[in-house]
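Just the one chain here, laid out as structure tokens, in the form predicted on its own.
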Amino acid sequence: MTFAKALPVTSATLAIALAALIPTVFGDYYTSFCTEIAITVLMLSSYRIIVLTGEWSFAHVVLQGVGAYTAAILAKGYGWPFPLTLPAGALMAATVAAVLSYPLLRMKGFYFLMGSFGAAEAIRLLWRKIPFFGGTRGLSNIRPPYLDLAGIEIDFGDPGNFFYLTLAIVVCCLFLMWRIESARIGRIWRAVNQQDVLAQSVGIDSRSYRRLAFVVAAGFAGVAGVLLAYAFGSITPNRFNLNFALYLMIWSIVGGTRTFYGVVLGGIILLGFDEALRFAEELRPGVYGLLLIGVMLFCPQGLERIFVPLVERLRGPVSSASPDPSVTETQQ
């Protein structure tokens, strides 16, 4: 394996190893906070799948909520165990996204963004008005997972154990997303974004591929929603409101969406920044506004722009001089 190919694997392995030390180094509070970071990184990475096709959506956080509500209802009302509620939440979020995609993806750009906002508000209204979903108070008393493996009992109510569970699921999801993006379908998503007319001229149905991206992203958002429901033990409609959708966009822009690790980097840094502003809630919108303006003026490709030259230099001059392989291969 060449150094260029070994670099991402080595970096990911080192990051996972360092993350695994968190419960042994920090207390329960910061371990739970790192669990929230891991879930948000999963959300940002799934959101990037939509951005790859050139769209931005307000509905993604609501689709995370669909996964969370599905897990909460199945666990509380029907006693489903965690291993079943996890895929059920992902499947339900993907199904709702598939239904929404038919009217929404008849639009593009600004109109798609506004359409996704309307769809998100409609779903949140259902959660608030229908008693089955708990109304404005939402659903609470969601018990943490519990596992009994041949006499070995693991209580995921312990913050450290739940962190390891979340880390394992998030790493698996990130690996799947990385493989999807590296495959032909990922290159087509980029081509649809960068050269939509050219892609259609060679027989690519861009709307179908944008719909597929919307549904796949929702499935991973559903997984994040299930983890969120168990992490906090309760969910409310306000947890998936417009503010969170805007923060998701800001984190993506500030971190950068060109590379896979840009959103991961942005999520980790900005959630730490967000934690530092916890005791100054009233200042948070203004600080975020200034941060967004500064990044768009001086580093429009996000924080990843600072690290891309370093990574390309480590990989060697060939990768930086080569044309975008996604576009080249799709054109062929």
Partner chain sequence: MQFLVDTLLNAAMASAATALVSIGLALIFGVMRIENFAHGELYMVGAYVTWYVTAGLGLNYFAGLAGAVAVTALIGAFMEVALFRRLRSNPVGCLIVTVGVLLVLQTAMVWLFGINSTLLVDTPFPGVLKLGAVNLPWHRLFVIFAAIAVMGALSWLLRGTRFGWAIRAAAQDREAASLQGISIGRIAVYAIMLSAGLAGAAGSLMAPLVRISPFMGQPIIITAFIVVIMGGIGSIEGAIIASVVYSTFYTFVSAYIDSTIAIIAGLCIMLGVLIFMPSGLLGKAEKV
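Positions refer to the first chain, counted from 1. Nothing here was measured: the structure is a model prediction, and the numbers come from that model.
In what follows, reference is made to the form predicted in complex with the partner chain, a form of this protein that is not presented.
J.: So, a 4.5 angstroms cut-off on heavy atom distances: do all three of P83, L91 and L270 pass it with respect to the partner chain in the model of the complex?
T.: No.
J.: Select, from the options 140-148, 190-198, 241-249, 218-226, the stretch whose residues sit within 4.5 angstroms of the partner chain in the model of the complex by heavy atom distance.
T.: The contacting stretch here is 241-249.
J.: Considering non-hydrogen atoms and a 4.5 Å limit, does the partner chain approach G27 in the model of the complex?
T.: No, G27 is distant from the partner.
J.: Please determine whether Y209 contacts the partner chain in the model of the complex, using a 4.5 Å cut-off between heavy atoms.
T.: Y209 lies outside the contact set for the partner chain.
J.: Taking heavy atoms and a 4.5 Å cut-off, does G256 contact the partner chain in the model of the complex?
T.: So G256 does not count as contacting the partner chain.
J.: Against the partner chain in the model of the complex, would I293 count as a contact residue? Criterion: heavy atoms within 4.5 Å.
T.: Result yes; I293 sits at the interface with the partner chain in the model of the complex.
J.: Please identify the residue among V170, M177, L104, L74 with any heavy atom within 4.5 Å of the partner chain in the model of the complex.
T.: Contact residue from the list: L104.
J.: Considering A98, M114, I204, I154, which brings a non-hydrogen atom within 4.5 Å of the partner chain in the model of the complex?
T.: The residue from A98, M114, I204, I154 that makes the contact is M114.
J.: For 105-130: residues with a non-hydrogen atom within 4.5 angstroms of the partner chain in the model of the complex?
T.: If the 4.5 Å heavy-atom criterion is applied to the partner chain in the model of the complex, 105-130 yields R106, M107, F110, Y111, L113, M114, G115, F117, G118, A119, E121, A122, L125, L126, K129.
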